[in-house]
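A single chain, nothing else alongside it, follows as structure tokens in the form predicted alone.
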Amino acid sequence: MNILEVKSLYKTYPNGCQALKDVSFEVAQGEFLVVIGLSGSGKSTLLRCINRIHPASSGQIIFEGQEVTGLKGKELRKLRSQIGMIFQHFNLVPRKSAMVNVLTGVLARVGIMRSVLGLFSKEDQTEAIEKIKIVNLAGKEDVRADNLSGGQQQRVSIARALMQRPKLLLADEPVASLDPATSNSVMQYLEKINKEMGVTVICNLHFLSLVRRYATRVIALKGGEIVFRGTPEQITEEWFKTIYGEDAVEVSVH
């Protein structure tokens, strides 16, 4: 069963830059799909179109059988509540505690005013503690986000996304700002969420060593177009050069 279908997606920015060109693919329930490609290839734009941070110029995005490209207001908020997002630079409130940052994940359920005022229910607080435990940060609930390491901050952002109770989790270069050891740690939590909680994951990555370790399937973008579809094992040296350029050298993260 497909949780997501993208059909002939185009995205052109106001400055004329065509970021996506006729992109079509499907994502099955429970997949860990990784999107690869050079910086500027359209990976981030693709994720932002899926959760409607950016509107697509044309094409269709179908989530659980529902066309979502034209949703507005309440229906759009409902969609976003089912699609979690993890960013490269964490997007936490630095002066707030890990607990408060995680609790902001219930925004779609409780509304902006209650979230801003910190009016979270006992049930929400209990759930937040559970999500913090999932990413192995128990005991850090009261620590300010800016006093946490980069890897810990990214794990807080994962816990925040889990508070949405998402069916689909989008991760936009989630380890690009982290060292190799921390990168694997963060990826292991995403894998756990995928395999043990059944959350479908679409993740943008640069390092093929991580792609080969965690992806169930891969698509590659180049100049806004899909140039490769397949399994990690099918990315040969020839395909690597096609995707990244003849002068590219593969760097591993261990």
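Note that this is a predicted model, so its numbers are computed, not measured. Numbers for residues come from their place in the sequence shown, where the first is 1.
In what follows, reference is made to the form predicted in complex with a small molecule, a form of this protein that is not presented.
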Heavy atoms within 4.5 Å of the small molecule in the model of the complex: does L38 have any?
-> yes
Does any heavy atom of N15 come within 4.5 Å of a heavy atom of the small molecule in the model of the complex?
-> yes
Are any of the heavy atoms in A19 no more than 4.5 Å from a heavy atom of the small molecule in the model of the complex?
-> yes
Do S44 and the small molecule come within 4.5 Å of each other in the model of the complex, heavy atoms counted?
-> yes
58-66, 44-52, 22-30, 212-220: which one contacts the small molecule in the model of the complex at 4.5 Å, heavy atom to heavy atom?
-> 44-52
